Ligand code: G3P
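Form predicted alone, single chain, as structure tokens, below.
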């Protein structure tokens, strides 16, 4: 697994478009992902969850209220209903008619343009699964993306379920300052990467993680000076809403 990651990172800090180039296009949409590729990003980060009829869509919030002209929980809607929503107009008139994509559509459109795609599983379930982990695994295999993905989640149990389905894929534990109580759930569970919020990163964390053979991929860094400091500390990947600005900041 580590040799696979070595081939992706190649000894340098990667720049990943956070939900695509989301400062310039509506988050988690094909225009945002394509723009991240055009700006030269090494990869993208995106969020996935299931519709009521079991389709894997790319959407951050559990409701559609924030980024579409619709209302309600995505899990209560069919894919056909999701397809009717405008996911671009909230961002600007130029994006009117943009739709929520499926993970398959993202892989098909830009999968070959990136070295790494970070697929974040959105799941509130700890005890049981709605099938999202298996759906992610099937999509990864369908598009032969297993050597170019890291599957991450705030939900440690979702990561455990995903590993049971597709043990060959790299996984990363995602955490923020407000969820330290869940750290212990991954302490004895093999994983390849840790995804802390950038405010948690210091030399001690970097030394410990690298000594324990974890890649450190951090979010969401939009300040060029902060990005340069994180690279100096040895961070493996930086997720940003502004891929072009962070790429320029890290240019030697």
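Positions refer to the first chain, counted from 1. Remember, predicted model here, so these are calculated numbers, not experimental data.
The following text describes the form predicted together with the named molecule, which does not appear among the structures shown.
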property: Heavy atom within 4.5 Å of the named molecule in the predicted complex - the one residue of 154, 95, 114, 107 that qualifies; result: 154
property: 4.5 Å heavy atom contact, residue 214 to the named molecule in the predicted complex; result: no
property: Partner contact for residue 122 in the predicted complex: the named molecule, 4.5 angstroms, heavy atom; result: yes
property: Contact flag, residue 60 vs the named molecule in the predicted complex, heavy atom cut 4.5 Å; result: yes
property: Partner contact for residue 47 in the predicted complex: the named molecule, 4.5 angstroms, heavy atom; result: yes
property: Stretch from 127 to 135, 114 to 122, 158 to 166, 79 to 87 whose residues place a heavy atom within 4.5 Å of the named molecule in the predicted complex; result: 114 to 122
property: Contact set, 221 to 252 vs the named molecule in the predicted complex - heavy atom within 4.5 angstroms; result: 239
